[in-house]
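Encoded as structure tokens, the following chain is the form predicted on its own, with no partner shown.
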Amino acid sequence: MPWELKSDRPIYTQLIEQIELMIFSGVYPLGSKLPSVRDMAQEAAVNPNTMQKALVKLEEDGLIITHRTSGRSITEDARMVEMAKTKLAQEQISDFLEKMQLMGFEQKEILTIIDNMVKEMKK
């Protein structure tokens, strides 16, 4: 999964989101060891301090565990990962609904648009 960082938002926030997506999608499976901060920073083309800041936040959120002598790994707690995944989905949906309401769409119209798009994706 390539790193896609944009200049319109803080890099640190984008790193957190992308690492979360890598965890949720299985790129980094539960219990797996993460590359070093320097390696991850080099791969993402960011300053190691910025990557470190993102990893500390993910550790605070319980998705990453730091081992004193062997680096960092993804938590083995599937429930924790599922809760974080659900929280992210709810935030994304909330942002989407807010924008749709600002554009003047009613709930029924929003649901119709979503239903039609889901049907198109299944084709």
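What we label the rigid core is the largest C-alpha set whose atoms superpose within 1.5 Å from one form to the other. What you see is a predicted model; the values in this text were computed from it and never measured. Numbers for residues come from their place in the sequence shown, where the first is 1.
Although not depicted, the form predicted together with a further copy of the same chain is the subject of the following passage.
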Heavy atom to heavy atom, is residue 70 within 4.5 Å of a further copy of the same chain in the predicted bound form? no
Decide whether residue 80 counts as a contact residue for a further copy of the same chain in the predicted bound form under a heavy atom distance cut-off of 4.5 Å. no
Do residue 38 and a further copy of the same chain share at least one heavy atom pair within 4.5 Å in the predicted bound form? no
Would residue 85 sit within 4.5 Å of a further copy of the same chain in the predicted bound form, counting heavy atoms only? yes
So which stretch, 28-36, 42-50, 90-98, 58-66, is the one near a further copy of the same chain in the predicted bound form (non-hydrogen atoms, 4.5 Å)? 90-98
Across 35-71, which residues bring a heavy atom to within 4.5 Å of a further copy of the same chain in the predicted bound form? none
Rigid core fitted, then: does residue 109 show a CA shift of 2 angstroms or greater between this form and the one not shown? yes
